[in-house]
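This document starts with one chain, in the form predicted on its own, laid out as structure tokens.
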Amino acid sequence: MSYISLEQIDKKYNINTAAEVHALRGVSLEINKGQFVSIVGPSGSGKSTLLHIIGCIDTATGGRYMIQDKDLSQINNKELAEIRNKKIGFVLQEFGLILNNTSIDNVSIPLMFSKTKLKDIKNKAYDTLKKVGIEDLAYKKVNQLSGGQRQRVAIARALINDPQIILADEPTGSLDQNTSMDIIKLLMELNEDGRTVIIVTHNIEIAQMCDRIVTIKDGMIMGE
């Protein structure tokens, strides 16, 4: 049994309007626990849509999506949010950070809606920043950090709930070559710890560092 299983996933936007977009067309994909997978393809091919469905940020309009043995196509929004918060960490190209807040405040955000005490939240956020090698920047505002440092803050935020799945949408898209390699090496280390890591990338050199390369075009998987 695959860890992540997508069967005939369809995704349409603006259904039954002149602006209807068929973003995914019958996508089937199996990913085993602990794999490091890259998704590649041209702009507009459906890469990010696929990642958003895997990450429970978006839902499919057809098909079945399962994590372990749980059918996510059959659960409500509250259950989806719980899975998204506990099982999945998301890393975005543009970091998605609050620039005027400190690194530790940004990393703390996913825990702010839990019953965890504030002191325990801060301690856990600090420890997570330490995992990605930037605990010395904990109390610096994000707008004072470099692109690579900001992405490490974003990765720390994705790790705060100790998820077993890390999804990264163009995590090196805004970074120079050397910094990009540092971020990919960090994601590889997280994968070596047993996490399943899935990245969307335009960078073939980075894709080739993964266990698998899945190619998508016009909303369909074209091969591996």
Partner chain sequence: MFKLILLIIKDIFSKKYVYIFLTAQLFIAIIALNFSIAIFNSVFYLKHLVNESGVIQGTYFYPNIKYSQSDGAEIKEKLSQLGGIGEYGSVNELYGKLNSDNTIIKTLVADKIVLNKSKLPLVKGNWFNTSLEESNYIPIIISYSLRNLFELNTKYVYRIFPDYGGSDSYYDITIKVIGILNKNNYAFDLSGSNLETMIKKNYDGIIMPFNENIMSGYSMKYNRGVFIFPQSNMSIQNIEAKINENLASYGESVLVKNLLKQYEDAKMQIMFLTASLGILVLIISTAGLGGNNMLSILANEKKYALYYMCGATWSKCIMMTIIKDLIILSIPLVLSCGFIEIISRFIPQELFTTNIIYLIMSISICLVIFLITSVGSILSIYKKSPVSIIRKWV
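Numbering follows the first chain given and starts at 1. All values derive from a computational prediction rather than experimental measurement.
Beyond the structure shown, there is the form predicted together with its partner chain, which is absent from this document and is the topic of what follows.
Visitor: Check whether Leu186 has any heavy atom within 4.5 Å of a heavy atom of its partner chain in the model of the complex, and answer yes or no.
Guide: No.
Visitor: So in the model of the complex, does any heavy atom of Ile57 sit within 4.5 Å of its partner chain?
Guide: Result yes; Ile57 sits at the interface with its partner chain in the model of the complex.
Visitor: In the model of the complex, is there a heavy atom of its partner chain that lies within 4.5 Å of any heavy atom of Ser114, even though the partner is absent here?
Guide: Yes.
Visitor: Might Thr49 be said to contact its partner chain in the model of the complex, defining contact as any heavy atom within 4.5 Å?
Guide: Thr49: contacts its partner chain in the model of the complex.
Visitor: Kindly confirm or deny that Asn100, Asp105 and Arg157 each have some heavy atom within 4.5 angstroms of its partner chain in the model of the complex.
Guide: All three within 4.5 Å in the model of the complex.
Visitor: Based on heavy atom distances of at most 4.5 Å to its partner chain in the model of the complex, which listed stretch, 130-138, 85-93, 145-153, 67-75, is the contact stretch?
Guide: Selected range: 85-93.
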